[in-house]
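Next up: just one chain, as structure tokens, the form predicted on its own.
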């Protein structure tokens, strides 16, 4: 519970939390180290590590590298049971509640649970909801599930509430890596008004003002990833952090 409690404390102290997502396949080890340093110096509250599919066979050693450099919690954001490492502080124990494939609702979780317990990594149960973003994303393709249409607020609300009733500690609205459009601010607002569980929003957020709008709509955490792959955009980390941290 240490990392989850830390995240909740961030929300209490700062209004909302800013998280940098690192995809191991999109960076060299050197670039990953530089990105971790930039994230911590830029006042990010945590680092997510993961991808829909990891081609790099050295995932465990990369997580160890990230953990050694990071001054904030390193949290796994796994696309499969292959993305588990003892070196992480916690793991999002995801259930794809927006889909209807039992393998991603409970199948992969049954395989992963004993491994996570054995490694001593803190699990954070998370209701994962894919939201349509203008194009097919990796998460949509790999899970073979249809996302919730971006204008169907009622479906998003009911799905998030079901995840809350199932005991999920976090709800994640995900437009997907490289999304054309981020999750609509209106959907964030509608879902947040309907549930009490802290909400994470990620995918397609490219500007600090877009992050701020979703925090003002009720999001507890904002995640950015693709926009930071270009070194020229690393200065945006501190801008995103300032936009998300509505309490000073």
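Because the structure is predicted, anything quoted here is derived from the model rather than measured. Positions refer to the first chain, counted from 1.
Not pictured, yet referred to below: the form predicted in complex with a small molecule.
*Asks:* Just one of 177 to 185, 209 to 217, 37 to 45, 66 to 74 has heavy atoms within 4.5 Å of the small molecule in the predicted complex; which?
*Replies:* Among the candidates, contact is made by 177 to 185.
*Asks:* Would residue 223 count as touching the small molecule in the predicted complex under a 4.5 Å heavy atom rule?
*Replies:* It does: once the small molecule is placed as it appears in the predicted complex, residue 223 has a heavy atom within 4.5 Å of it.
*Asks:* At the 4.5 Å heavy atom threshold, is residue 203 in contact with the small molecule in the predicted complex?
*Replies:* Yes, contact at 4.5 Å.
*Asks:* Verify the contact flag for residue 10: yes if a non-hydrogen atom of it lies within 4.5 Å of a non-hydrogen atom of the small molecule in the predicted complex, no if not.
*Replies:* Answer no; every heavy atom of residue 10 is more than 4.5 Å from the small molecule in the predicted complex.
*Asks:* Using a 4.5 Å heavy atom cut-off, state whether residue 21 contacts the small molecule in the predicted complex.
*Replies:* Within the cut-off, so yes.
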